[in-house]
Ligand code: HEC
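Only one chain is shown below, in structure tokens, and it's the form predicted on its own.
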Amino acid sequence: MADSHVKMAQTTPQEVIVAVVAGLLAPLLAIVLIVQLVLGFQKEHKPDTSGEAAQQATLSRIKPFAQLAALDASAPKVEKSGQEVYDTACTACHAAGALGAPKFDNKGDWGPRIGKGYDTLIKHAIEGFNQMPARGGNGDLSDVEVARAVAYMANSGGASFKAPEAEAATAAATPAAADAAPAAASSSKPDPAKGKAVFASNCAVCHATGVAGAPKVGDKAAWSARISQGFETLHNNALNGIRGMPAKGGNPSLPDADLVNAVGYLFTEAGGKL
């Protein structure tokens, strides 16, 4: 009788690979499903940016670093030198040439400006010009201090202006002061053209984007109810602050004439008639 031989089946390499892949497929599929589930939860739970707490957090992040300090109003004011004014009010733009400002010690930047004359440069610095706010954004600076800062910067760019002393500066700045006087005397009549620059440096952080409920510039629907209150009411609200908006937009040194012009700019951009 013949012997029965049982042949053992041998496993091929291809079958081993298929078995390994099949064993890994299930865990990988489970991982993919878990990741999709987590992403779905995150998508459904977006942060709330409309609530009062979120708006307060936004205002806290954008509030100015400067803080009011109690000072003795009767104490004599010590006027700053041109370099001191530059270091505290001008360096942010003029050191790097930000917003088109002529860079300190750059003769190429200052050459055309020096050609306009010292009095014209003082006038621009006091009133504001293009993107530069009035008095470099520091309304506490006197005409004397502004004139000294102008001489200090212009001389670094090749001018030979004489930085005025306390008495001489008044004469040096007279053209600018004379031109600025009508604006101060008629502060109730805004100049929207000048207000645009004030808006860019003091108000745009909220009113350009509508953050914290601020009406966006040019948004007639958002401004309609406010315009109906009249310009004087809007000016008073901007001056004293209302709801989430701080007084003077968070810049306590902003001159009232500049504030009037900024409100006038927002007012007319939304369709208001002055």
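Residues carry their position along the shown sequence, with the first being 1. Values in this document were obtained by computation on a predicted structure and should not be read as measured data.
As for the form predicted in complex with heme C, it is not shown, yet the points below apply to it.
None of 197, 159, 101, 163 but one reaches within 4.5 angstroms of heme C in the model of the complex through a heavy atom, and that residue is 101. Contact check for residue 228: no non-hydrogen atom falls within 4.5 Å of heme C in the model of the complex.
Residue contact check for residue 107: none of its heavy atoms lie within 4.5 Å of heme C in the model of the complex. Residue contact check for residue 224: none of its heavy atoms lie within 4.5 Å of heme C in the model of the complex. Within 4.5 Å of some heavy atom of heme C in the model of the complex lies at least one heavy atom of residue 243.
Counting a residue when any of its non-hydrogen atoms is within 4.5 Å of heme C in the model of the complex, the hits in 244 to 274 run 244, 245, 246, 248, 249, 254, 259, 262, 263, 266.
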